[in-house]
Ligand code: GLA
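Have a look below at one chain only, the form predicted alone, in structure tokens format.
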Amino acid sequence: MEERVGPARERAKEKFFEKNGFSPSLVARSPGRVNLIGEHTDYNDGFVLPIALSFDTAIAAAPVEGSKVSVFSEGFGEITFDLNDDPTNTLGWGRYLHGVGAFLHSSGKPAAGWIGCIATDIPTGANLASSAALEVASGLVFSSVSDLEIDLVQLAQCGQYVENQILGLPSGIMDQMTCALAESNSALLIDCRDLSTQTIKIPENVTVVVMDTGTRRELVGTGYADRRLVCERAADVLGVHSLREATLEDLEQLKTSDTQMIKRAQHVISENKRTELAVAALRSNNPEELGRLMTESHMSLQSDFEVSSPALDQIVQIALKSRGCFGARMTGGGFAGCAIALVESIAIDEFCHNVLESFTAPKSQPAESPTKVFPVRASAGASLIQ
């Protein structure tokens, strides 16, 4: 791994010049994200409330003649592919880029070739949407070098297509929508049924803290897909299009011995309600209520949806016992990676120090990277820098 100095966009530009002898014609950037609340609700047509992070994946690029794309990534090497080829045959991280180009190609928007360099400040495999950021940033590059008329929602849908059809992960659209559309100092309330959004200001007296356990996962190899299938089966049994349309009272009427299905559905239904209540708490500057809802969300993800992990549970408990913490929960798809805490701004330094000093990854789930605890601010979504 190369030493990383400076923001991702500057490193991408410098590497591009170093490799090609001239400056890039454009730089596309996309942030990562953390989700405040609303977990595993996006693929159930529900509500989510994420923020974009203040660190990016950046791509410095220039167009070339023909249909070939050649990209260098710091830490991951170089990949070359032809847009006329099947993206499922492209290996590793290059499949994300190839998938975006193939989607545009198949949508009647002929994509052109380009050369580029990628740099990122988003930890991979940490549930901070590093893959979605790569998809959205590459979509901006393709749209620019190919002179395509495509809006940010379409780019988000393109990224979801890559996850679902090229990578085989049946994920929702929260990550890509957040990477593309988030605004500074605000959470983004997304209605995943109609993709409408609202920005919700975050009060200055509270701060979101990301707690990276250092544990890692690949969602393709976890029980993620199984969770979605169970949710779809529950909706079918209830006679609704999605669990967004179901109520907890509906579950009480279910005559089934499938207790696991009931628990999965119970999480989704209650999580949608918690997300709506969280928006009200933010708007009324009620951090105690928001923190309570976040902690309740973690308990539901732990017990009903069963996507937490020993490391995530441990760091959440440490956070909840630390001064200034209103609430804490795992964030993202689960199984490993990061949790978040809502902390009183004046207690940030003490909180971060205490969590970092107190947490050690359990032997049953050893860390692959160093534990990190850091406050974040809600930042703007993707942009193209000509």
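Being a predicted model, the structure only gives us computed values, none of them experimental. Heads up: residue numbers just count along the shown sequence, starting at 1.
Keep in mind that the form predicted in complex with the named molecule is not shown, yet the notes after this line are about it.
Contact annotation: E39 falls within 4.5 Å of the named molecule in the model of the complex, judged by heavy atom distances. Although the partner is absent here, W93 is not a contact residue: none of its heavy atoms lies within 4.5 angstroms of the named molecule in the model of the complex. At a distance threshold of 4.5 angstroms between non-hydrogen atoms, A111 is out of contact with the named molecule in the model of the complex. Proximity of T215 to the named molecule in the model of the complex: non-hydrogen atoms within 4.5 Å are absent; the residue sits far from the partner. Between the options I269, C158, L188, I173, the residue in contact with the named molecule in the model of the complex by a heavy atom within 4.5 angstroms is I173. In summary, among the residues F359, Y43, F351, F326, the only one with a non-hydrogen atom within 4.5 Å of the named molecule in the model of the complex is Y43.
Here the chain stands alone, but in the model of the complex its contact with the named molecule, taken as any heavy atom within 4.5 Å, falls in 326-334 among 56-64, 23-31, 342-350, 326-334. Heavy atoms closer than or equal to 4.5 Å to the named molecule in the model of the complex belong, across 224-260, to one residue only: Y224.
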